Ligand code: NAP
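Here you get one chain, nothing else, as structure tokens; it is the form predicted on its own.
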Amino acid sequence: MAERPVAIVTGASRGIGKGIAMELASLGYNVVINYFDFTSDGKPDESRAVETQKEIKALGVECEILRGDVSKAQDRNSLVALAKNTFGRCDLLANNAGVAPSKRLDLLEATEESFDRVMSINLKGPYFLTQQVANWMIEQKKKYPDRRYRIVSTGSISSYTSSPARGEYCVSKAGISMMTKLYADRLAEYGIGVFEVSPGIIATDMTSVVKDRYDKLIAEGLTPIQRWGLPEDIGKVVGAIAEGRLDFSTGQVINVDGGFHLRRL
């Protein structure tokens, strides 16, 4: 159906997901965007997704948007069905949708409700969406052996950096790291590359609530590159993967963190 390559990007109405989607669109990908935004009073909000769709279409490619919660099987099914029915292919999956705890609580006080919510969206959702899309990619590979298929998940420095006030988030991102290794191992025989992009301190809605704190830490040398990361920084790395520049690599964690991961004396 579609001659252009197609990417599914979750959580792509804003922030890092939008940065990824815009970069892929600039490389000629048609894009299917998942989002699950709410207004300040808790009502479903499609405004940012619609705006992102307009910006992507202005680059000369197609873009479909679909509201959905990646933790729910029905919503994941609908997302994949949209890509199949509209474009008939998926060349790249970017698992980006994720949430922080609704309320930061000390590890000794955190609730099961918060743990279940964060783990369901941040880990269970991408785990099973990857399973579904990977099986579809395998089917496509048999029919189109010359096409390249790739899967990228957004991890975090929180996968190895302790934050006892949001333990469930750290555990969910540590899970993404192992998920990447597992799928990279399992899918290598089909030529499907699997990667984790690990952002550091990135300017998004999620980090806006702690801006002053991180401004101070960055100024004091928390990261060797002394600036906030931008969604476009993540997008460029996913773009490099999409262009095939890392096709002899799989299971890799690509740090996009201003050097935060370095151990320095």
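In case it trips you up, residue 1 is the first one in the sequence shown, and so on. On a predicted model such as this, the values are computed, not experimentally measured, just so you know.
The discussion below concerns the form predicted in complex with the named molecule, not included here.
The named molecule in the predicted complex is not approached by E51, whose heavy atoms all lie more than 4.5 angstroms from it.
Proximity of G239 to the named molecule in the predicted complex: non-hydrogen atoms within 4.5 Å are absent; the residue sits far from the partner. The named molecule is not drawn, but in the predicted complex it has a heavy atom within 4.5 Å of Y35.
The shortest heavy atom separation between G251 and the named molecule in the predicted complex exceeds 4.5 Å. Just one of C63, I201, L27, I218 comes within 4.5 Å of the named molecule in the predicted complex, counting any heavy atom, and that one is I201.
Interface residue among Y149, Y169, Y183, F195 relative to the named molecule in the predicted complex, by the heavy atom within 4.5 Å criterion: Y169. Taking the named molecule as positioned in the predicted complex, the residues of 205-241 that bring a heavy atom within 4.5 Å of it are, in sequence order, D205, M206, T207.
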